[in-house]
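Presented below, as structure tokens, is a lone chain in the form predicted on its own.
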Amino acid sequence: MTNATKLSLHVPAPKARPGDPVDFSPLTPPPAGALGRPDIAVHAEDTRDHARGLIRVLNDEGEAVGAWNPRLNAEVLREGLRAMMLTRAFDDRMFRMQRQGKTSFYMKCTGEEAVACAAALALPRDDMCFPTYRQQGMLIARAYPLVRMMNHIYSNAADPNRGRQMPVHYTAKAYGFFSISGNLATQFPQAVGWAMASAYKGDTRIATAYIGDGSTSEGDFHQALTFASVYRAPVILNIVNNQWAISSFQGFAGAGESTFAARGLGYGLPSLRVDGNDFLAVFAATQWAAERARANLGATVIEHYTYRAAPHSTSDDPTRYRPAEEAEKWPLGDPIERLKKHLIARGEWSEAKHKALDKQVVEEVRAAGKESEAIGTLGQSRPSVKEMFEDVYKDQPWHLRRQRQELGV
């Protein structure tokens, strides 16, 4: 038989392009506290509502409501607020430094600070994080020295990576921060493998990994979920859905068909979809997933629903592919403002204290910048040539020894 209907190819398209009005009405967030908190031994199928709904703790009045409320004390909340504000101040300065030619490349995480900072405070430092290039907040929340981060970005003589990594591709084993890979989605199978090894050795540490919404279309994503499911790896698999990949919207990764969290259900993995701009919700979901992993109940998939307010990188111009006012109209708001409002509602914060803290973190970043720039910025200072011969082989082979001798280093 011949099909009488002419076939057509569906090509996803964003709802708005530059110059179009912004309409987020279809994304009206559900009420905070609407979803229950299941037992950590829950079967994957019983998290269907959690994978397709949205876990929220903070309501419009700044109150923490519902079963997912982690009931954090004010000290932890202020620590989280400071970490997010410090991350944003760090981003702002390094973006300006790139524009001044002091480094070649930078990537901001504006609007996504809660995803990394909340998780950093919910997990102990010896758990291993396998990040993307937008989880710098995890290092900052764990008090990794800002000067060292800047030295790496500038690739100067004090670069802890000795000039071997691109800017923003940090690594800090002592802070539970695995080397960032520029190849998309590779951190998922790496994290699952690390977690499997931890379980095989009878260790107590778990792993957590991050990818963006666009990377879920990579084969590594699916392979990682297969291994995580089969071997019940103690790992948290985070999908940061910030609506945009480099310049293509989430629809090209299949967002129009279902949520990203729902993909975990097909692999038998409990899955959560979380308000990524709600510090308390991210903390609670991470804590829940960590409890499951430590109880040998296996992996959890978490989709953090958020928005990339900044360009993808300093090489990107988002005004060419999305409306300029889209970020400010994002219905889930700003994570820093929302946590500030919560602390004020609890009587633990004020506008005056917030203004003072903002000034303090900006000055802290400025001081670190001066210290790092005194060592040198891009092209002014670089690691010694001899560094290229070290830390590659356990026992240096003869041909490298000869090359080093020829260079006189």
Partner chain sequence: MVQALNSALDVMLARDPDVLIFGEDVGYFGGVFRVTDGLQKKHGLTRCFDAPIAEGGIVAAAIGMGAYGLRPVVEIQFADYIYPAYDQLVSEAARLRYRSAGDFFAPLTVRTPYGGGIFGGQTHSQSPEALFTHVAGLKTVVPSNPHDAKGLLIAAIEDDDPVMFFEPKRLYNGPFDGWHDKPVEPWSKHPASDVPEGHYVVPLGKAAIARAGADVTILAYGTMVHVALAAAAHAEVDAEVIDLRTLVPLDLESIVASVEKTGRCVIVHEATRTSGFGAELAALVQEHCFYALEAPIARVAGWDTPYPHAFEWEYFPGPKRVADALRAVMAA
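The term rigid core refers to the maximal set of C-alpha atoms that superpose within 1.5 Å between the two forms. Values in this document were obtained by computation on a predicted structure and should not be read as measured data. Residue numbers count along the first chain shown, from 1.
Keep in mind that the form predicted in complex with the partner chain is not shown, yet the notes after this line are about it.
Stretch-level contact check against the partner chain in the predicted complex with heavy atoms at 4.5 Å: of 70 to 78, 280 to 288, 199 to 207, 327 to 335, the positive one is 199 to 207. Among residues of the shown chain, Pro167 is one whose heavy atoms approach the partner chain to within 4.5 Å in the predicted complex. Using a 4.5 Å cutoff between non-hydrogen atoms, Tyr231 counts as a contact of the partner chain in the predicted complex. Though the partner is left out of this view, Phe95 does not reach within 4.5 Å of the partner chain in the predicted complex, counting heavy atoms only. Remark: Ser104 counts among the residues lining the partner chain in the predicted complex, judged by a heavy atom distance of 4.5 Å or less. This chain is displayed alone, yet in the predicted complex one of Thr186, Thr110, Gln243, Thr314 has a heavy atom within 4.5 Å of the partner chain; that residue is Thr186.
Each of Met128, Ile180 and Gln403 is positioned with at least one heavy atom within 4.5 Å of the partner chain in the predicted complex.
Interface residues of 360 to 388, taken as those with a heavy atom within 4.5 Å of the partner chain in the predicted complex (partner not displayed): Leu378, Arg382, Pro383, Ser384, Val385, Glu387, Met388, in sequence order. If you fit the rigid core between the shown form and the other one, you'll see the Cα of His399 move by 2 angstroms or more. Once both forms are fitted on their rigid core, the CA atom of Phe24 lies less than 2 Å apart between the shown form and the other one.
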